[in-house]
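A lone chain, given as structure tokens: the form predicted alone.
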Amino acid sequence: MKVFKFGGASVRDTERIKNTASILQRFRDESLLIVVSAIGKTTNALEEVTQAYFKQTGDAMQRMEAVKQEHYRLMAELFGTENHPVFAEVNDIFVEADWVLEVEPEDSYDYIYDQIVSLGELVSSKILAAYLREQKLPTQWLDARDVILTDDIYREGWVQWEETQNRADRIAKPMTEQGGFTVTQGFIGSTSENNTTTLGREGSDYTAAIFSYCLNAESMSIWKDVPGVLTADPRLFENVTKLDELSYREAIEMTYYGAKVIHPKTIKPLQNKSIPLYVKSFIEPDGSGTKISSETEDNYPPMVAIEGNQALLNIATRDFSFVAEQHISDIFNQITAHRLHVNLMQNSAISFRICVTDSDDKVKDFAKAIEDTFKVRIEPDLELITVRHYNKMTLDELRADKVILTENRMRNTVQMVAKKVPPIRRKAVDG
């Protein structure tokens, strides 16, 4: 049994869905569990619905209707008639959103987010499963929430592995043992009280890894719009190189530091059972892609990851005392409570500095929570540049037109928190 994951770009319109089906035709005689993301930019659109509803701006229903119509149009193109049963199945899912939006919000934003945004994966998986059956491919549909149990932390649920394994053995394994295809959703799980949770933004890769681990998959494949794992983001850099092979360790390092091709939590479950991961192109499915396994030696060219939307927090005690162990403990307790993603840390005698992902109001809420004991200075709108296996030429090129606010250097890795030089400043430097 193999696990395939198809992201939103691979099912964003009718042509891409047909292309996905044509790829799967090649594996019609195999047992596949297929994890699918929401179609195109649906997650972004549903996030806007959630914000409009929570803030009561008055246009939440209108935004939700636009999401519905986009999916109905797609289904009409694929199936030709609204009499197809998938229309009723999808409509039943959208009704769940209507029930939420018809009353004023009483629950937390994170809880509401998960109940609304999760609908994207449910709908896309229904559409893909129906289309595969239309193409005479043996296909079942599985609700991932019946298998993946998380804690009750919404928007980034932590998997409860023992019970998830039990559910996979009881529910998912019998389905895959029948052969054919089992289509399920990325990104979502549920609590012990059957409330929907999500696993963190772009968490569908992680979902596929969870199923791969629990079902002892032969391999896992992620189908992307790039030929494999590259040495840098091709949207930002020219002359990037595809890596034919990558070790689990290197993949973990690169995803942790912000490489976008794979979700950071994906690799460890696979490594624990030595399940190889293939990153393949759905545009050129015959391409070699990249294999990630334990069989590869760590010998690589410079690799660059750039993470935008960063904030640098300079934290100092109000009484000018040393930042001692108790202070650090208090800071980390609040980091955990506010679910900050810390990407870099530095400390001196009287200050502590962290670079974090600046999402929602988490950074401001964190600063407010510690303001009685600490002064916090926030520098927003930054980027974190990480270079693995660096050399001087690569670092010099990356520093051009930037102010480096802080830098960490390790044996194989350099991290720089930077902001771009304003035009006036650049002229002054040039002249």
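Note that this is a predicted model, so its numbers are computed, not measured. Heads up: residue numbers just count along the shown sequence, starting at 1.
Note that the form predicted together with a small molecule isn't included here; everything after this is about it.
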| query | Would Gly228 count as touching the small molecule in the predicted bound form under a 4.5 Å heavy atom rule? | reply | yes
| request: Find out whether any non-hydrogen atom of Ala129 is located within 4.5 angstroms of the small molecule in the predicted bound form, and reply yes or no. | output: no
| Gly179: touches the small molecule in the predicted bound form, heavy atom cutoff 4.5 angstroms | no
| Even though the small molecule is not shown here, does Arg318 get within 4.5 Å of it in the predicted bound form, heavy atoms only? | no
| field | One stretch from 349-357, 253-261, 332-340, 79-87 that, in the predicted bound form, holds residues within 4.5 Å of the small molecule by heavy atom | value | 253-261
| Check all three, Arg12, Lys18 and Pro285, heavy atom within 4.5 Å of the small molecule in the predicted bound form | no
| in the predicted bound form, which of the listed residues (Asp233, Asp143, Asp107, Asp244) lies with a heavy atom within 4.5 Å of the small molecule? | Asp233
